[in-house]
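First comes one chain, alone, set out as C-alpha cells in the form predicted on its own.
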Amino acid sequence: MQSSFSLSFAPNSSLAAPSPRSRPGGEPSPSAPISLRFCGLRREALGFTPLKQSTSRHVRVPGGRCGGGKVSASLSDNGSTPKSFDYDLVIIGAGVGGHGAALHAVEKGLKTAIIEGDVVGGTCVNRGCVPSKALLAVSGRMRELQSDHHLKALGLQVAAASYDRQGVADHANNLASKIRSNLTNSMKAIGVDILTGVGTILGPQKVKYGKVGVTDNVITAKDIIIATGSVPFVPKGIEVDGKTVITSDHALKLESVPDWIAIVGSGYIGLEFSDVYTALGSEVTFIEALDQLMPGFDPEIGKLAQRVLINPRKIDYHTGVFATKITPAKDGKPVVIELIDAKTKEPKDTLEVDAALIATGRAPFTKGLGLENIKVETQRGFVPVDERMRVIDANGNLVPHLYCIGDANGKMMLAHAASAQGISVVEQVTGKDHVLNHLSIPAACFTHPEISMVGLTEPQAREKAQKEGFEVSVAKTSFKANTKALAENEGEGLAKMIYRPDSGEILGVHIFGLHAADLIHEASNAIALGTSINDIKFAVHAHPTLSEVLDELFKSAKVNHPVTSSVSEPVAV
C-alpha cells in the first residue's frame, strides 16, 4: 500500500514517534530556503556534461556552488573523527530508499555497506507497496468478474466468481518474498556488504550494529545515510490486537475477511484496503476526522472518486469524527468504536463491527539511532534535514557527512521519493551538487480505477498564485473521449491540469481513471525537466492508447504566449 502521502510545506504536524527501535525519522528544516536552483538532473537535461567519475573517492566540499551551509564543529565533543574509513558509505536501513542509494553508490565507485535490523526491502516490499499490489490485483480481477453489466457489454458470460482466501494471501506473501530476494541479490551481485543488526550512530562517521545478546560491531564511513523508514501510526485510545483491531501490517496477511470492517482514515491506505475488502465481500465503514473523505486529494478528483469508488459500493462513512477508543473483539463481543465530534469533542456515536483497520498514516521509526551522540533532536519523531537531506543538529547546524532520506525525514512519505532522495545524496557525496524537486515526484492510489497526482492541487496552486501575483488556469479531459478506454469499457475518468497561462508552466496534474498510476509520469517528467506546455503539446502519442488522455490535456491548455519560453524552476520542499 502506498505510504501516507506527505508533502511538507510547513513543519506543522501532530505525529508522535513510535517506540520500536530499528528505524529513524526526519522532517524539513523550518528555515529551509524558499528559492533554489536545481542542480544535477536539470543540468543534464539541458545538455550540460556531468562531472567525470574519478577512480578515487570523491569528497564533497560543503558550501559549494549550489550548496552553502553552516557545518557544525561541535561533533568533536562526541568522539574523534576517524582518519581512515572502513567504507565510503554506510546506509542504515535496507528499504527501497537504502537500496536505491546503495546501487547508485556502487555505480559511482563507492565502497558501500547497508545495515538492516529486520529484513531487506523495508516497509514497501514486506508490509506495504508490494504485497498490497498483489491484493489489489485480486480485487481488480474480482470486480471485473462480478460486474455483469461490464461483462455483457464486452459480450462475455462468466459463472459466479469466488476466491480462496489463503490462496490470495499466499500470492501477496510470495510476491513480497520474490521482490525481497531480488533486492538482496541485486546488492550482493555488485558487492554491497549487507550487515545484519540494528544500526546506531556512535559519533562522527562511526556506527555500531548488532543483535540482542551478540557483541556489537563498530565500523566507520566517510558518509552515513539514515534510511530507517516508518511504522503504522496508531492514535491514543486504540488497542491493536493484530486480529480484530489491526494495522496495514496485519491486514496485508489477509488472515480473515470480516463481514463488516471499519477503516479509520480515508487516505491512500484506507482507500486501497476498502477496494480489497469490498471486492472480497466485506462491508466497510470509513471513519474520517476531517469534514470530507479523501482529504489529501485534489477536491474535484476526490469528489469524482467518491462517486465511483465509495457511493456504489457497500461503504458508508462518518466524517468530522475521532475514534477516541477502540476495543478489540473478545468473548463473543464485537469490536467497539467510540466516536466523538472532531470539533466539539462531544460523544457522537458508538459502532459495533467485526474488525477495525487503523489507517491513520505512518510515523517515523527513529528510536535507538543514537542521534543524541551527535546532538540531533528529532521533531515529532522526524530527523530534521535541509533541502539536500543533510541532517541538522539541535543548534541548527549541519552535521558533517550525515544524511537522512525517506519516511524518516518526513519530506514525502513515499518509497520512490526515498529512493530519489538517496540517489540525490550519492550525487552530492561524489562531488556533484544536486537538489531534488519534490513537486515533480508523482503519487498514486491503486484503487479500481486508479488515482494519481503530481505537483500542486488546484487550491494550493491558487493560494500560491495569490501570494506571488500570477494567474492560474485549469484544463480537463475525460476518459469518455478516449478510444482505448472505451474499448475497455472503462470510460469513467478525468484528467486535470493546473498551469500558468502566462508561461505554460505546469503546476499540477491529477488523474482518475484506468491506469492513472502509469499515465502520470509524462506529467511528472515534464515538471522535473521544466518542460512548458507549448513544448510538450507537440509530442506524438501512439493511437489508440490511454496516453492520448494526456495528449488531449496538454493540447487543450490555452497559453497566452505561443512562443516557447523558459519555465521558472520550482521550489525545493
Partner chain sequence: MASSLLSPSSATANPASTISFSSSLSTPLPWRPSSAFPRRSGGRRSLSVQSKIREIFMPALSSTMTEGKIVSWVKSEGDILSKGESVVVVESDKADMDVETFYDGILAAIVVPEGESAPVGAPIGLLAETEDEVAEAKAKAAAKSGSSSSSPSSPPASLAAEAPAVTSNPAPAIAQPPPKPTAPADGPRKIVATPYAKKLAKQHKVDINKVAGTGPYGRITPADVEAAAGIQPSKPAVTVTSAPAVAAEAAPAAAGPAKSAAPAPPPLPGSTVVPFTTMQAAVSKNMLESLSVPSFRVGYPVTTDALDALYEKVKPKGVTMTALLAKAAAMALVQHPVVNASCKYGKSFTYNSNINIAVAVAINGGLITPVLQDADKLDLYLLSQKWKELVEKARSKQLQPHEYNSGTFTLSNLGMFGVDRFDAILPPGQGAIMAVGASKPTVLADADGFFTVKSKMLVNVTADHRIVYGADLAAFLQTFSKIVENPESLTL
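Positions refer to the first chain, counted from 1. Just so it is clear, the model here is predicted, and its values are computed rather than measured.
Heads up, the form predicted in complex with its partner chain isn't pictured, but that's what we're talking about next.
In the model of the complex, at least one heavy atom of Asp354 sits within 4.5 Å of a heavy atom of its partner chain. Mapping the unseen interface onto this chain, Ala160 counts among the residues with a heavy atom inside 4.5 Å of its partner chain in the model of the complex. Residue contact with its partner chain in the model of the complex: Asp86 places no heavy atom within 4.5 Å of it. In the model of the complex, Glu107 stays away from its partner chain, with no heavy atom inside 4.5 Å. Of the candidate stretches 114 to 122, 265 to 273, 292 to 300, 430 to 438, only 292 to 300 has residues whose heavy atoms lie within 4.5 Å of its partner chain in the model of the complex. Using a 4.5 angstroms heavy atom cutoff to its partner chain in the model of the complex, all of Val284, Glu458 and Lys480 count as contacting. None of Glu372, Asp164, Asp170, Asp349 but one reaches within 4.5 angstroms of its partner chain in the model of the complex through a heavy atom, and that residue is Asp349.
For the candidate set Asp316, Asp216, Glu255, Glu471, a heavy atom within 4.5 Å of its partner chain in the model of the complex is found for exactly one residue, namely Asp316.
Contacts between stretch 260 to 281 and its partner chain, counted in the model of the complex as any heavy atom lying within 4.5 Å, involve Trp260 alone.
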